[in-house]
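Next up: just one chain, as structure tokens, the form predicted alone.
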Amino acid sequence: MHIVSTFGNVDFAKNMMMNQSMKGVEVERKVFPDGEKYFRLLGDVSGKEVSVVGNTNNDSEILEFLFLLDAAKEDNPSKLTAVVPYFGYARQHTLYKKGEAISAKVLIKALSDYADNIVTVDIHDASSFKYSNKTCSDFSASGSIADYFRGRKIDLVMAPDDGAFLRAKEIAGTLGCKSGFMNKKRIDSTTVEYNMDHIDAADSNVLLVDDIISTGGTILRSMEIIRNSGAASVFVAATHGLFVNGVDSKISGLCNELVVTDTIKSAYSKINVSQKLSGFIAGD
């Protein structure tokens, strides 16, 4: 299989290519004086299986992603896969107010126009896939997260809400420990109360997991409750670390360790999901 990558995902793609069945394709990139961008594949992918790797949280990268998919498709590959380590805009997957754009739908349809199939990693809401007329698969990073914390004597894996509980349960199952989630109770239109009254975390090593850390508000509130419950230590892990407004520094300063996967490169990207993903795509 041949791998083409957007500029922002070059390191992720290189890790994927540690799978010996995968070979990289160089990309020529130019910017014309009027600001228009130019992309050209420097390898022949005609009749070959090709995966184009790109994230969709950066508008410039989205454009490059689509251009590279088109360049690959023009060379008539035998199969073309769009690999999206972090699918941005997945939280805009349905119509909330009249007049809105359903951003996830726009992106899924655009990728589907070029690719034969789409592979994501822990997409925030898989209902976005309903907008595609191609096969869509979501790869779980739970195994990679569990592997990282194996041997850390984790007693309890917690999710910040019931929507993330399945992930916590999967990781806890691998680590052989308990799992749970924060209770959320809406008090009024602006106030939400969190608690973990149904779980005893006293003297426990707790791993708090989520799919995305963006502004970090939910994670910070959950950490405070876990600490106040008498936990011995608190570790925080997520698949995607956006870390808006430098919230990573605040989180890392209040927990024993903060880690995320390599879907979005940061100083906390200590969990490699790219190599397992390559095996998933290659069918190993």
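Being a predicted model, the structure only gives us computed values, none of them experimental. Start at 1 with the first residue shown and count on from there.
Omitted from view is the form predicted in complex with a small molecule, to which the following refers.
Consider the chain as shown here, without its partner, and state which of Gly230, Gly43, Gly246, Gly217 has a heavy atom within 4.5 Å of the small molecule in the predicted bound form.
Residue within 4.5 Å of the partner: Gly217.
Considering Met158, Val121, Ile213, Ala82, which brings a non-hydrogen atom within 4.5 Å of the small molecule in the predicted bound form?
Going through each option in turn, the one that passes is Ile213.
Find out whether any non-hydrogen atom of Arg152 is located within 4.5 angstroms of the small molecule in the predicted bound form, and reply yes or no.
Because no heavy atom of Arg152 falls inside 4.5 Å of the small molecule in the predicted bound form, the answer is no.
Heavy atom to heavy atom, is Arg91 within 4.5 Å of the small molecule in the predicted bound form?
Yes, Arg91 is a contact residue.
Going by heavy atoms within 4.5 Å, which of 217-225, 43-51, 255-263, 57-65 lines up against the small molecule in the predicted bound form?
Partner-contacting stretch among the options: 217-225.
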